[in-house]
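There is one chain below, alone, in structure tokens, taken in the form predicted on its own.
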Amino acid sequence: MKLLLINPNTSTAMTAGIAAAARLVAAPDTEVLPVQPTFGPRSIEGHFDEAIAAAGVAEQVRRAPPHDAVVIACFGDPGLDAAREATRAPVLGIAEAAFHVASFLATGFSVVTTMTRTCVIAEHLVHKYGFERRCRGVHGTDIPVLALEDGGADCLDAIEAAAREALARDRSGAIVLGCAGMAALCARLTERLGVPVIDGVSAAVKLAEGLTALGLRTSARGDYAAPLPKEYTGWAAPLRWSAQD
């Protein structure tokens, strides 16, 4: 299968790191196709960044080569619903995927993320996806996203400390890593913490493979029907939907 892996920020180093994490768990017959927007923020650390990044996700789905599934590799899941309109292939956001997987492994989980200011974004997703009874807390480390570009080894101790505090304070049984850039740290954190640590990139890759193997595709009814044909102006003109699509 061909898996379109979208890094919604414009950090080439982070795109490469996310792709490496995805390939580490992908099946031998899964071809990972990493892409990133041609515009937008180098890191996503707030609502404004996320709004621009969502447009970048839509751009990449619109111009994508043939693919069987899509993974949006940013914990805010920017542009997820728009991407599901734009392709019939299954589209998974790493936050939604991680929440589901964590709920299979523990009665309650905590999220450890990067900037404290983005905790509310994760909290909004917890409620959107219906996990408010399973997610017991979202904790920021104030580690800048770009500090994770090289795999985040220098950030390992800080993330571990935040996770330990979250496990104790929230009485959780699992940790969800709240940034795609943390993917390379998942195995070491699992070993150190002694509880399931879920990286959304890996979780989304395996769920995407499963949905593809089952022959399941995104519904074309209702709000996930293809976008209506209309004129787009300015820089978005090439992304317009026509009657031929």
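Computed from a prediction, not measured in an experiment: that's the story for all the values here. Residue numbers here begin at 1 and follow the sequence given.
Same protein, other form: the form predicted together with a small molecule, not shown, and the subject of what follows.
- For the candidate set 57, 204, 179, 70, a heavy atom within 4.5 Å of the small molecule in the predicted bound form is found for exactly one residue, namely 179.
- 43 is the sole member of 218, 212, 43, 30 with a non-hydrogen atom within 4.5 Å of the small molecule in the predicted bound form.
- In the predicted bound form, no heavy atom of residue 172 sits within 4.5 Å of the small molecule.
- In the predicted bound form, at least one heavy atom of residue 145 sits within 4.5 Å of a heavy atom of the small molecule.
- Contact annotation: residue 114 falls within 4.5 Å of the small molecule in the predicted bound form, judged by heavy atom distances.
- In the predicted bound form, the small molecule sits within 4.5 Å of a heavy atom of residue 74.
- Look at 99-107, 114-122, 129-137, 164-172: in the predicted bound form, residues with non-hydrogen atoms within 4.5 angstroms of the small molecule sit in 114-122.
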